[in-house]
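Next comes just one chain, in structure tokens: the form predicted alone.
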């Protein structure tokens, strides 16, 4: 493989695994190079300023952990969100080009099909079916911890 370089990567497009989603639901496609700050600013604006009731975060391969991080941040900031998580596999197609082709022939390409783990997480302000696989109810709201700072001396 030392004589090959990757020239193209493409993911298979799959529909979201959640039935009955509104057509205008926001899907946050998290990539390996995505900045969490940028993702969260956009997602929070959609939920708070635009009043969206649901949002979907999706990511595959090395972006799965970043996807989960975004969801946990959102749940902590907004609170009261129902969650459904679906895990599946996505096919990724990689095309590699030979850097050292034979002198009398055309450049050779190598195509690799990879099955990579993928995750889709639906967050909703509205209740979801608790019997579906992957459902998590909202975390109970805790009162703010008491202020434990030392008292100022008189």
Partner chain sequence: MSSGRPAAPSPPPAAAAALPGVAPSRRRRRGPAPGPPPVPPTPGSAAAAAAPGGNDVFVTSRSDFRAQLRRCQRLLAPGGAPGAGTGGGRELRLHGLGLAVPRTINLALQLQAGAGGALRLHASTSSVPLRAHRHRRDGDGDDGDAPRHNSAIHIRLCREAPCA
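Bear in mind the structure is a predicted one, so any value in this text is a computation, not a measurement. Residue numbers count along the first chain shown, from 1.
Here the subject shifts to the form predicted in complex with its partner chain, a form of this protein not shown in this document.
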Whether 9, 33 and 58 all lie within 4.5 angstroms of its partner chain in the predicted complex by heavy atom: no
Single option in 46, 98, 91, 69 placed near its partner chain in the predicted complex, where near means a heavy atom within 4.5 Å: 69
Non-hydrogen atom contact residue 121 with its partner chain in the predicted complex at 4.5 angstroms: yes
Interface membership of residue 54, its partner chain in the predicted complex, 4.5 Å heavy atom rule: no
Partner proximity in the predicted complex: residue 64 to its partner chain, non-hydrogen atom cutoff 4.5 Å: yes
4.5 angstroms heavy atom contact with its partner chain in the predicted complex for residue 87: yes
Candidate stretches 24 to 32, 113 to 121, 38 to 46, 98 to 106, one within 4.5 Å of its partner chain in the predicted complex by heavy atom: 113 to 121
